[in-house]
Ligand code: C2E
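Just one chain follows, in the form predicted on its own, and it is written as structure tokens.
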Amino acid sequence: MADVGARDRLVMAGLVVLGLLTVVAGVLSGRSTINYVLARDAREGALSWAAEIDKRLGEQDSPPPRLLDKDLQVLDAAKLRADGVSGAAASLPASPTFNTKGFSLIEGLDWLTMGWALSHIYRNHNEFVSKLDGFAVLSPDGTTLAVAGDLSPTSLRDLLGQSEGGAALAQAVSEDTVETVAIPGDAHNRLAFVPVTDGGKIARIYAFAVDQTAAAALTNVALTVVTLTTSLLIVMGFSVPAAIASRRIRERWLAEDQIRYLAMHDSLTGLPNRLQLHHHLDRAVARGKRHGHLMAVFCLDLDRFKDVNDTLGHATGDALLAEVAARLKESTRDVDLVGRLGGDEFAIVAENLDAPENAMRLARRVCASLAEAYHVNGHEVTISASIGIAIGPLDREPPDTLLKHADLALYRAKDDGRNTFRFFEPAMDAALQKRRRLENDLRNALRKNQLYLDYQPQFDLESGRLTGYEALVRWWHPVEGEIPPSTFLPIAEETGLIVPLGEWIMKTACAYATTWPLDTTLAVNLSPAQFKTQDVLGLVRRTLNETGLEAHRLELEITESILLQNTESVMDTLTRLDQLGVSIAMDDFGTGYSSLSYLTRFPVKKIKIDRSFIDTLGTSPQTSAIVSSIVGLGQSLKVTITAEGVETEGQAAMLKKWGCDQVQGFYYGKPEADVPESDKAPVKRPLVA
């Protein structure tokens, strides 16, 4: 906004200068008008005086001693008489005289108005503002014949000897006009020449010394008042539109500044946005390379910020983001730039670092500051942040590479437990490139049918009878070979490929299960991502209708994380599936964050104990206590308990002792792509009594 104030001051200064120039122009034009009026008054006066003198000189045989209240001094009476001062045939120049050489614009106006514009003030043409100071009668060759008043022969000779006076006299004689010239060194006096012709020839010339001191003073006052008044009116005339224009310009500048500010800043926090951050990063990298200084780029992400929006509302979430921005500014130096990339993602560009340890100390300070409790909208909120750090500048990489590296380190910090920071390592980039290749290859695998299903048998632990199979998806990569599900399933969930993949698994497995014995069930896993983006109930209905599989033979395995999404929506879907006849099994029980109350609220028919508990069964008293408790919980709730990952006879014996219902694992049978026919079904293994 300081720029707007500076521009406003510049506009006002321009208006003042324009007003002053207008006043100066008015004064200068007034001065030209004054000069023209005085010159015209002197010419008119000289013509009037010349006519009276010529008349008086022609009335007597000898020149009168006093003319126009001035004593006449005749210097050459014979020549004066010889020139024939009779007034009979002599004639004076026409009046008024129009001369374009002096003040062409003003004289042109006077000429167009027939002399009214500047002459109408003279009501009596025999009265003039100019005063006669003296006069002289000259012969055509310039000889002084007579003088009167204060014009002496010496002073007249000196005036005529100067270039201006001689030129004016010569012009008056040659052009038969009245000529006036300012007397050098005397700004208020003029010398006027009036030629008299007789028979077409110049008979004599009258020279008048005109005193315009009083005239100049009066005219100066009058025209100065007029000029100032006119200038004031002019200034007032454009000042109002100029003020309006200035206000509009200022409003436009303010709007442009606001647009520029919004284009480079985040509207919620006021921090620089992604665009400004990139510009600053470019300059920071250039400065680091030029001066040989270390720098660092930090990428920050608030841990589980979505939970704040979901539980407290977006208004509280926005207020929390504003508080986070303020703490980031307080935790960083003045030379560091803090920006918001979007959502709950922030970035810091730190320059002039002595060593990477400086970046580590800054990251610890930021983590500690952001982890303190917030009080927003009447709520106390505690949240942490994960930070990724990239050290630069890089020699042969563009500045944006630092931001990408910091982002990779941020994901590593989240994977390592959140509320911490990690520095970028080249292996992170290699892992990202590999993950991207797998993502593209997984898309191609879906399209080229490179995926297949294995079926792992499930047995009744008491009787050893085969009860069903669990469908497990597998991927044989043409270059990498077997890709484990723990590698490609998370990619499918993050990229949305889990939806077409889950639909393919459901239809393929159900179609194959129709060839099994009628008492053999099929278990299919459902991803939490499918409940977010897909109509699971509609998918199951279509699949059962298209394949003809009985609903009671289909078992859908869900994880505890599904129950944390949208409880009402998920509960409605699971209830409808239960009403359809499909069984719901809780997979990986005990590894999630669910509450035991979910087991009573949702139509769960089976609980599957995660293999992580079975692996240490018999070697860890804590694990044995947990597994036996889960089995007892299932018996109390009258739900089937299935143990996954059973690989030893000892594990099977312990599970049977506690009353576990079903088992699956390598001890009973590995997953196979083909299910044996009924007469070749897997034989139950002997169990220890």
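Given the structure is predicted, the values throughout are model-derived calculations rather than measurements. Numbers follow the displayed sequence, beginning with 1.
One more form of this protein, predicted in complex with this ligand, exists but is not displayed; see below.
Colleague: Considering only heavy atoms, tell me if residue 588 and this ligand come within 4.5 Å of each other in the model of the complex.
Modeller: Residue 588: contacts this ligand in the model of the complex.
Colleague: If we define contact as a non-hydrogen atom of the residue within 4.5 angstroms of the partner, is residue 581 a contact of this ligand in the model of the complex?
Modeller: Residue-level check for residue 581: no, no contact with this ligand.
Colleague: Does residue 611 reach this ligand in the model of the complex if we count a contact as any heavy atom within 4.5 Å?
Modeller: Heavy-atom contact with this ligand at 4.5 Å: present for residue 611.
Colleague: Closest heavy atom of residue 527 to this ligand in the model of the complex, within 4.5 Å or not?
Modeller: Contact with this ligand, yes.
Colleague: With this ligand left out of view, choose which of 474, 278, 507, 304 has a non-hydrogen atom within 4.5 angstroms of it in the model of the complex.
Modeller: After the contact test, the surviving option is 474.
Colleague: Pick from 441, 557, 133, 336: which has a non-hydrogen atom within 4.5 Å of this ligand in the model of the complex?
Modeller: By the 4.5 Å heavy-atom cutoff, the listed residue in contact is 557.
Colleague: Heavy atoms, 4.5 Å, this ligand in the model of the complex: which of 616 to 624, 630 to 638, 643 to 651, 42 to 50 makes the cut? Say which one.
Modeller: Selected stretch: 643 to 651.
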